[in-house]
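A single chain comes next, written as structure tokens; it is the form predicted on its own.
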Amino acid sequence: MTTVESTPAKTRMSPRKRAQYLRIVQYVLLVGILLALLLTADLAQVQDKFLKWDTFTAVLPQAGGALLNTILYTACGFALGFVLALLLALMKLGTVAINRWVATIYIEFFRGIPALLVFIVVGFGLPYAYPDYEFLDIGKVTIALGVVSSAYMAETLRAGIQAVPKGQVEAARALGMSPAKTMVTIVLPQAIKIVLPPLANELIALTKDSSLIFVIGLSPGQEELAQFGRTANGTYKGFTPMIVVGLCYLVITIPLSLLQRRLERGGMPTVTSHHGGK
């Protein structure tokens, strides 16, 4: 009587072991890519054009004014954008059809066109459209940033308002509150708490969008970081000023990112930001 020898079953790799191998492969690929970039680059040119220390120390103190201007322009644009966005969100949620149509057309239009076009039209078109008025640099910048941001924040605020439980609205109405008072005292405070994390994300995106201000051509002393970097590049014949400008943007965006993460960990429900790349 013959016996059939049983072949041992193949041992499968455990998910934990597989994950460890995948991590090792990723690390090896990352190190390989970095080494390839370093070995193929002209490090002397990189040092001279991007990391010139004397240029860095000369440009950094000069960037303070442009940094403050960028913060000012972003704050003004965000404030105007928030007011417009709140109005648009209420119009879109209202019962008057024409208001809903106007809000929808505005939101879809300004979300659908590049932000650069808005800056060009506002910067150079407003003086032609309103020749009897003199628009200051900060006024043109605020309008451009406000228009760009309002279309995105409107959808965020609308979603936040709709996230407030309807039972609270019904309870307020049962107590005799008017629709306007219910919205102001009950709905909006809760909606704004809900949308704080995505609004922080919109503020970060708006800070980066402020780099498009350079197309307007601000007067000396009023330039923001991008225009300052372009001017400094021409003066110092290299890209080290752009490294300084990038670090200045990080001074603004990193604290905002930390704030956003803290708000997200606050435990309150949030809505997703609609701000994509523009």
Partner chain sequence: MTDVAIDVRGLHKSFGPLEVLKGIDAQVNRGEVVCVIGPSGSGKSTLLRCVNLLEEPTAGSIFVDGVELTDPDADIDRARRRIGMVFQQFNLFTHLNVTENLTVAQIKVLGRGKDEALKIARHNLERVGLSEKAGAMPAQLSGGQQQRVAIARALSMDPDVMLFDEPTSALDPELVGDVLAVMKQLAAEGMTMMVVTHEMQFAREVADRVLFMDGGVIVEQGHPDSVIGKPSNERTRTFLARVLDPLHTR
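Treat the numbers as computed from the prediction; the structure is a model and nothing was measured. Positions refer to the first chain, counted from 1.
The protein also exists as the form predicted in complex with the partner chain; that form is not presented, and the subsequent description refers to it.
In the model of the complex, G176 touching the partner chain (heavy atom, 4.5 Å): Yes, contact at 4.5 Å.
How about P189 - does it come within 4.5 Å of the partner chain in the model of the complex, if we only consider non-hydrogen atoms? Contact check for P189: yes, within 4.5 Å of the partner chain in the model of the complex.
Flag K181 as yes or no: does it have a non-hydrogen atom within 4.5 angstroms of any non-hydrogen atom of the partner chain in the model of the complex? Result yes; K181 sits at the interface with the partner chain in the model of the complex.
Is T104 near the partner chain? Define near as a heavy atom within 4.5 Å, in the model of the complex. No, T104 sits far enough from the partner chain in the model of the complex that none of its heavy atoms falls within 4.5 Å.
Can you check 135-143, 96-104, 168-176, 111-119 and let me know which stretch has heavy atoms within 4.5 Å of the partner chain in the model of the complex? Correct option: 168-176.
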